[in-house]
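Next up is one chain by itself, shown in structure tokens, the form predicted on its own.
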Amino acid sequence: MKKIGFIGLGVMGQPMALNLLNKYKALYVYTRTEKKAEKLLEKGATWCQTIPDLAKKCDVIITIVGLHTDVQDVYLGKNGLINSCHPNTILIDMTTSSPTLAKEIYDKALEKNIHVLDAPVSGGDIGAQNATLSIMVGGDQKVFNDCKEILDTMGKNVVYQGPSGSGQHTKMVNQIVIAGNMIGVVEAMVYAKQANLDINKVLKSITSGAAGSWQLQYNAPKIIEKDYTPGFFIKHFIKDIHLAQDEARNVALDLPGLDLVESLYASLMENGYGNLGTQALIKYYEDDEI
């Protein structure tokens, strides 16, 4: 059986790693703060002090870290995975990152006979906990086939998208859709309030109709409850929007809707809301909320 390693135990990573541990009964883990690994260690995971330490022990290593720069460090740094893994190791980056960086990592890994998949996810903390994530995968088809069972342990909609970078490009598409959806949900709820409607009744009517969406089903109720716990941080969503904007500029594509949503979230960041969930976009419109 392949020995699996996991790097990054944040809001998404921890439940994903737990699902792997529950199935495979063994997991090697590393994160910058060991305290974040306590729950997994209590359940039998093995702590590794460094990335090279983990790399020496594992055949498959999964990463889901915070930022584009974190991906660079974890993969391309002096003590990163590309410089630490043995040949034929499979690396699966599930961070939302740059398609350009994904291709760079793939090419450098291939020089050392290391195989890389870019496999970002969608579904938030709920999807991570319930192993119902949508996972979009780029890389070599054979490597994807070899890892499909592992990916199925974390998600229910695992789709091979094409060559290296294709998973990240698909995630950019996903984030563009979410950006437009989120602003639509929030503006609709502000309108409903101003029209003196019962918001809960409104949601009952529209959630299962043509306006229905994941954001409406899961984030609109949080807005009503004034629950801004991050299933996905504003600061991380802005990072994703910037990645999509950069990739669009690379092909001379103008995305004015995405630019508008970015400006609203940037305003929230400037006001100290970066660690709230994306549903806190409502605060741009009404800081006394719904």
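Don't overthink the numbering: it's just position in the shown sequence, from 1. In this text, rigid core is short for the largest set of C-alphas that superpose within 1.5 Å between two forms. Here the structure is a predicted model, which means the values were calculated and not measured.
If you look for the form predicted in complex with another copy of the chain, you will not find it shown, but the lines that follow are about it.
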Segment assignment from 70 to 78, 87 to 95, 178 to 186, 108 to 116: heavy atom within 4.5 Å of another copy of the chain in the predicted complex: 178 to 186
Contact residue in the predicted complex, chosen from L27, A244, I234, I64 - any heavy atom within 4.5 Å of another copy of the chain: A244
Another copy of the chain contact at G44 in the predicted complex, heavy atom, 4.5 Å: no
4.5 angstroms heavy atom contact with another copy of the chain in the predicted complex for P99: yes
4.5 angstroms heavy atom contact with another copy of the chain in the predicted complex for L258: yes
Another copy of the chain contact in the predicted complex: C147, any heavy atom under 4.5 Å: no
Full three-residue contact with another copy of the chain in the predicted complex, heavy atom 4.5 Å, for T50, I224 and E270: no
Another copy of the chain in the predicted complex - contacting residues of 193 to 214, heavy atom within 4.5 Å: Q194, A195, L197, D198, K201, V202, K204, S205, I206, S208, G209, A210, A211, G212, S213, W214
Yes/no, D152 Cα shift of 2 Å or more between this form and the one not shown with rigid core fixed: no
Core-aligned CA displacement of E187 at least 2 Å between this form and the one not shown: yes
